[in-house]
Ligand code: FA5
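Presented below, as structure tokens, is a lone chain in the form predicted on its own.
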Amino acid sequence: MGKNLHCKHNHPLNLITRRIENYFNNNYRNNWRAPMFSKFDRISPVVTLTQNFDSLLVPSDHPSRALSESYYLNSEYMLRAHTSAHQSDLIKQGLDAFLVLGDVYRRDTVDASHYPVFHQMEGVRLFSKQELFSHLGDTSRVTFFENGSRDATKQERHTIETSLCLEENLKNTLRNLANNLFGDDVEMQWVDAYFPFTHPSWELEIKYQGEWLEVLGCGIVEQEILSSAGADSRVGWAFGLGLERLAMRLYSIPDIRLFWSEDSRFLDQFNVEDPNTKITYKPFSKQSPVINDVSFWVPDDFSENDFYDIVRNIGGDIVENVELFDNFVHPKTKRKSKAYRITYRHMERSLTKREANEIHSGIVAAGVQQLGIQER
């Protein structure tokens, strides 16, 4: 906590952040020609449970509330799992266009593209009736709200005209952002999605190196959220994107652990003044891995993310990958067993087998003590 990599000058996350900020500042200005979108990039990641999950919309058994998937500090506070945790508070302050950047925390898989800390950007824009339909000139004959029904294209309170106009504005904004980041000739498509804070919702995918890659999620903000935040007379859209995901693609960074490197051979590659500078990451070291397997009997309440968390806590960034390669159920006792292959590799120097074995033994011992596993 407190590293704020997205604010560090010679860092790829900062370059991505500046490019997105510049796009919004250059293209969206108010009547006084000042940037329309306010930016918040140092809000504390410690939030209440209510902030992290809007109780109006998310049921108490929502899976992201699980202890095995989030970092809880106590019964009231946790580390935010997404930057949407600040959406309602900022709307209550009277803001109608803002970007929120910051570190978010989730217990997850251990591999080259997952890390318990990563960085997100949230964008929100709200509209009055006059703002949304300004292109029509006379808005007196346009219906903004209704007491209707919800379907795939709209919410209960939104007219179809309101919903379609919001959708067009949102998609145009994000298509132009994708062109700004990936080039005017990038191929893209919209995919219907579900998010608890928006409806309808979409994911934007781009064609990257021959495959479709999701770059962001977005949608029309649930009117119930706006009502609870004191903005019931407005409608709006929101989007969220992962900064590491974008940076890994734009700069060909192969391993998410590199973002936390203090090695000048990594950071100096991104020490440029112009954030639009074309950069392709050049590997400065490729150390040999040490691979150890472990298999153990698991209790009925075993959570894979709890095991991954132990691996991260003890192995740190020396652990490159954890792969489940065998599930076994004893035919008589019905006891369950799991086998994992753990790859250890230091990012900057050679790792000895003895060092890796000591870490491996510590992981197994902690699993026995904390999770009740039994090594086979």
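In case it trips you up, residue 1 is the first one in the sequence shown, and so on. These figures come from a predicted structure and were not determined experimentally. Rigid core: the largest C-alpha set superposing within 1.5 Å between the two forms.
Form predicted in complex with the ligand: not shown, discussed below.
Checking 154 to 162, 139 to 147, 208 to 216, 285 to 293 against the ligand in the predicted complex, the stretch whose residues place heavy atoms within 4.5 Å of it is 208 to 216.
Only one of 189, 113, 172, 134 comes within 4.5 Å of the ligand in the predicted complex through a heavy atom, and that residue is 113. Proximity to the ligand in the predicted complex, defined as a heavy atom within 4.5 Å, holds among 257, 249, 106, 129 only for 106. Contact annotation for the candidate site: 89, 98 and 234 all lie away from the ligand in the predicted complex (no heavy atom within 4.5 Å).
Interface residue remark: residue 242 is counted as part of the site for the ligand in the predicted complex, having a heavy atom within 4.5 Å. Looking at residue 270, you'd find every heavy atom of it more than 4.5 angstroms from the ligand in the predicted complex. Residue contact with the ligand in the predicted complex: residue 82 places a heavy atom within 4.5 Å of it. When contacts are judged by a 4.5 Å heavy atom cut-off, residue 238 counts as touching the ligand in the predicted complex.
Along 6 to 22, no residue reaches a heavy atom to within 4.5 Å of the ligand in the predicted complex. After superposition on the rigid core, the Cα atom of residue 190 is displaced by 2 Å or more between the shown form and the other one. Residue displacement note: residue 238 has its CA displaced by under 2 Å between the shown form and the other one (rigid core superposed).
Fitting the two forms on the rigid core leaves the C-alpha of residue 215 displaced by at least 2 angstroms between the shown form and the other one.
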